[in-house]
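Here are two versions of the same chain, shown separately as structure tokens and labelled structure 1 and structure 2.
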Structure 1
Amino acid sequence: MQLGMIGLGRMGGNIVRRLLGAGHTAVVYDQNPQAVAALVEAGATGADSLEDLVGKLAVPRAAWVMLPAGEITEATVQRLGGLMQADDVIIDGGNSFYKDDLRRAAELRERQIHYVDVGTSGGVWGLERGYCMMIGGDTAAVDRLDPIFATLAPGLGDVPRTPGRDSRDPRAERGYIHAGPSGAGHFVKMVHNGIEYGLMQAYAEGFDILKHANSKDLPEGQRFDLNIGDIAEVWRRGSVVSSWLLDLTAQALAGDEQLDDFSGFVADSGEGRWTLNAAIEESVPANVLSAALYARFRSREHASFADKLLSAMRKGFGGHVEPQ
């Protein structure tokens, strides 16, 4: 199947590479000509503008926008909407706000253009591991794109199957779901990222407590000089708290147990705030998720070891580099 890709950064470029490796074709565009050239060398067709990309796509077209949420994505979707025709599909695979999806889908529907929002998780590891995808859009468009999603998803792999799912949608076991109409995909991904904040904060605070178990504030007989790198490693193996985030924590601590290469200035990319806004609108308590977000705000004033660990995890899964 053919796909157009706009935005060839950490995730967009690897999405194209994964598709090319499975026999799909791609037309690619980025403001950086070197990024385009690298993918042309890998087998994609290059474009030097959005107009050129749309012109090189076969009808009905499918174009995936993989850009930072906000003005650049908004402008690109609007421009594509003016270039594409009835029954074409515009996909936003970034971390856009779901209410923006609702508006865009309604505007594009007037021109009979489909809008599909794809909450995409997988970070810099997606090329190898595959991408977990939460998809919003009308059924006809989502089903048409299924060969793309099936290729990008991790597949069954070696994850134990959940008992009792025999009669349910098999796509979830393969790493992607059609969550609902336009906006639903990014809504689910938004909450996913809010939960991510809470999980990361729990690990960070726990390891901070372990690191300071030999504090001079404690009675001498109650101090422990713990090897937190070994603790992270042993928890990976059979522990109830094992996870990919813990894997990344263990990797970071194995390389530098003091995490001196990290500033501890922890950014937030928006989804945590949006998750809390949704919780307020729904009157749902979200104590842990709100505390995790506020901890990131506090990290910008005074960074702790826990904050450095958050920075290490963010670099591990998403390639995020915090300011020094």
Structure 2
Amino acid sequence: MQLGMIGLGRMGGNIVRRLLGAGHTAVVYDQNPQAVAALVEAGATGADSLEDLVGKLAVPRAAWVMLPAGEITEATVQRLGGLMQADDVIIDGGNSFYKDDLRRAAELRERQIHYVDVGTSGGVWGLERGYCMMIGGDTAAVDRLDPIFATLAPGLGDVPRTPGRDSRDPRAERGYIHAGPSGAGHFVKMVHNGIEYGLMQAYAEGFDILKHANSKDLPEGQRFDLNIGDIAEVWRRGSVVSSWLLDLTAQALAGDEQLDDFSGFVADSGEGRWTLNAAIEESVPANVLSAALYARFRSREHASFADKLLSAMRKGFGGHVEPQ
């Protein structure tokens, strides 16, 4: 089927390529004409404006917005909403905040335009492995788009099937789900990323402990010089902690066991924060997910005010002067 794509960065471009490769058609637009040209060469129809794109799409239209979450996505959805008509579908495939989805869906519903939010995991590997998708929206729209989703998803692949799922929705094991009404897709993707932060931090702390097993803080007879690259590799084989993130860790450590190319500064995107906000709203304890996010905040600070205040108190009650 035909899909319009707005935003031809790494994600948007690869999604179009995967669709074209499976026989779908696409009308594409990006602020950068070279990005459009590259996909026209790959078989897509180019558009030089949002209006042009909408005009070139057959009704009922389906237009996928694949832009950075925030102002530009908001503005684009708003403009598209003005250009499209009843029964068309606008898809936001970025990492929008699910409460923005709720609002947009309500606004567009008044004009009978469908709004579908798609949380997508798979990053740079999606073109090859397929995209794991969590979808929110009304059933009619999500079902209509099924050929698109089925193509983008990884499919069964060689992942062993989970026993006992025979009577369950078969889409899940093909790599996409219809999670619920608008907002549900990004909500699930948000929690996915929250978990991702927690998993990453668990590995990071564990490897840090291994790395410091020869610390001078330890008594001499209790130190080990561990080869953490080999440890990451061996855990990939039959251990309880095997995972894709561990595969990536093993790859990184095979390249440089000291990880000297990295400054220690770790960015975070919004989903980890929103996950905590959701936990707080729901009264669900989330110590691990919080600690994982805070570790990233802390990584970006040097000499935090909090730490200085600790030293000030220590000086006050004990006359302690910090050694450094």
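Throughout, rigid core stands for the largest set of C-alpha atoms superposing within 1.5 Å between the two forms. Note that the coordinates shown come from a computational prediction; the quantities given were computed from them, not determined experimentally. Structure 1's sequence is the ruler for residue numbers, which start at 1.
Undergrad: Tell me which of the two, 1 or 2, is the form predicted together with another copy of the chain.
TA: Structure 2 is the matching one, since it is the form predicted together with another copy of the chain.
Undergrad: Determine whether the C-alpha of residue 316 shifts by 2 Å or more between structure 1 and structure 2 once the rigid core is superposed.
TA: Yes: residue 316 shifts by at least 2 Å between structure 1 and structure 2.
Undergrad: Return yes or no for residue 303: a CA shift of at least 2 Å between structure 1 and structure 2, with the rigid core superposed?
TA: Yes: residue 303 shifts by at least 2 Å between structure 1 and structure 2.
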